[in-house]
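Before any questions on how it binds or moves, here is one chain, the form predicted on its own, in C-alpha cells.
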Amino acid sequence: MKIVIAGSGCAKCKATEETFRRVCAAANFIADIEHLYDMREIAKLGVMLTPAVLIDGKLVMSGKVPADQDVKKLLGIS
C-alpha cells in the first residue's frame, strides 16, 4: 500500500505524516509512506486543501489532521 501525505511541510502536514507512521508502526502494518511537498505536483493531483492523504493514488482525506481512529479506519486496521 502506498500512502502519500501531500502538503507544504506545515505543522498540520507533519502531524498527519507522524500519525500515519505511528499507527502503522503500532499495528505492524506495512505501507510505503511518503510526503509530497511540491505544491505544483499536489495541485496536479486535484488537492484543494492540505494536509491531504492519498492511498494508492486515491484522495481519501484533506484539510485536517486525522485522529488515530481515522487512520485505522482508512487502512482497515481494527
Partner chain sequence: MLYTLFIAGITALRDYVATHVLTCLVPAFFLAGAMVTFINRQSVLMHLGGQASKPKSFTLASLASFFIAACSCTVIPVSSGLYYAGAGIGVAFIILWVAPASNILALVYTGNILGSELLIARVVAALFMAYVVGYVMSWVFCNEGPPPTTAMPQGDMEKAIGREEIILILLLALTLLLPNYLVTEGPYIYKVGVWGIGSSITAAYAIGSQNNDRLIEWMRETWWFVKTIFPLLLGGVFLVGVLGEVLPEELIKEYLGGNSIASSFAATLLGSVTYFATMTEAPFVDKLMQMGMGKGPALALLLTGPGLSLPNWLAIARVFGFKKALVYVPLIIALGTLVGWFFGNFIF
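Positions refer to the first chain, counted from 1. Owing to the predicted nature of the structure, the values given are computational and were not obtained by experimental measurement.
Below: the form predicted in complex with the partner chain, not depicted.
**Q** Does every residue of K12, A15 and K44 put a non-hydrogen atom within 4.5 angstroms of the partner chain in the predicted bound form?
**A** Yes, because K12, A15 and K44 each have a heavy atom that approaches the partner chain to within 4.5 Å in the predicted bound form.
**Q** Wondering, does V65 line up within 4.5 Å of the partner chain in the predicted bound form on heavy atoms?
**A** Yes, V65 is a contact residue.
**Q** So in the predicted bound form, does M48 come within 4.5 Å of the partner chain, heavy atom to heavy atom?
**A** The answer is yes: M48 has a heavy atom within 4.5 Å of the partner chain.
**Q** Given that the partner chain is not shown alongside this chain, does A27 nevertheless sit within 4.5 Å of it in the predicted bound form, heavy atom to heavy atom?
**A** No - in the predicted bound form, heavy atoms of A27 and the partner chain never come within 4.5 Å of each other.
**Q** Taking 4.5 angstroms as the cut-off for heavy atoms, does A31 touch the partner chain in the predicted bound form?
**A** Close contact is absent here: in the predicted bound form, A31 is far from the partner chain, nothing within 4.5 Å, heavy atoms only.
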